[in-house]
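Okay, here we've got a single chain as structure tokens, the form predicted on its own, with questions on binding and movement later.
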Amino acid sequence: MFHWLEKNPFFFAVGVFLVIAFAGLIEILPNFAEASRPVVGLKPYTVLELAGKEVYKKDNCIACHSQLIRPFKSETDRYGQYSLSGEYAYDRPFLWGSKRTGPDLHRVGNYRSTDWHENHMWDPKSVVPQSIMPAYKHMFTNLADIDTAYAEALTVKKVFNTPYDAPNGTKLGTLDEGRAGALEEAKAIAADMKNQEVKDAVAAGKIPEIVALIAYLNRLK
């Protein structure tokens, strides 16, 4: 048989290709499957973080900011460790982006604080004088849609088996429990903010969009 293959270059080439392709699949697929699993310690988004993610999408932050650090020294020096596929296990949809008018935000939670985000969203030039980003003052009065965020969390729990309510994981519970959890998380964020109207709103049981957005940005580490 092998003598026959040696005398037929076309079939020999096909055979070599098939062997190499099969070996490649055996080598690549298990590693790909492993890399796509959630990284150790990764938890599903909280209801408040999901509400903030919706604000991020609604106000089109993805048009100017990516969330994907490539394994190049120039990027890791500026933004931190390059992104791993397992870090996006609970992202639906992914917000990788393709344009960087502003910096990449995938590790922004490691080097920016709640106070910084508050000042930046109110008046970008107050913290980055050369910034061309517009102010987002409407986020300080618009209220986050907590019920829709809860519905999203419940959907991915049922459809994609996202491990909400797992031991030592992100708690979801009932709608009322989801609202209560979001409010408690919002209170912790508002405590680090200066805007009194935001503080008063959270104290009254309301959650402005800026609080939800900061919860989401603080999550990005």
Partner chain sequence: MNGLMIKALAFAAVLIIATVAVVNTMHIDLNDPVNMITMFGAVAIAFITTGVAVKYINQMKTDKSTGELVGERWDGIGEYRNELPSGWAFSFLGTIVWALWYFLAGYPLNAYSQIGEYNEETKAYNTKFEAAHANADAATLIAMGESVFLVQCAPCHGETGDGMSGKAQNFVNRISKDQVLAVIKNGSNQLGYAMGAMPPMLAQGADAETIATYVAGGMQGTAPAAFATCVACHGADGKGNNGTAPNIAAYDNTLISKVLVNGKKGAIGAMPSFKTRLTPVQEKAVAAYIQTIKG
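Only a predicted model underlies this, so the values are computations on that prediction, with no experimental measurement involved. Positions refer to the first chain, counted from 1.
Not on display, but discussed next: the form predicted together with its partner chain.
K.L.:
Do all of D77, G80 and N119 end up near its partner chain in the predicted complex, with near meaning a heavy atom within 4.5 Å?
P.N.:
All of them do, each having a heavy atom within 4.5 Å of the partner.
K.L.:
Under a 4.5 Å heavy atom criterion, is V127 part of the interface with its partner chain in the predicted complex?
P.N.:
Because a heavy atom of V127 falls inside 4.5 Å of its partner chain in the predicted complex, the answer is yes.
K.L.:
Decide whether D192 counts as a contact residue for its partner chain in the predicted complex under a heavy atom distance cut-off of 4.5 Å.
P.N.:
Yes - in the predicted complex, heavy atoms of D192 and its partner chain come within 4.5 Å of each other.
K.L.:
Using a 4.5 Å heavy atom cutoff, which residues in 102 to 121 contact its partner chain in the predicted complex? It's fine if the answer is none.
P.N.:
Contacting residues: N110, Y111, R112, S113, D115, W116, N119.
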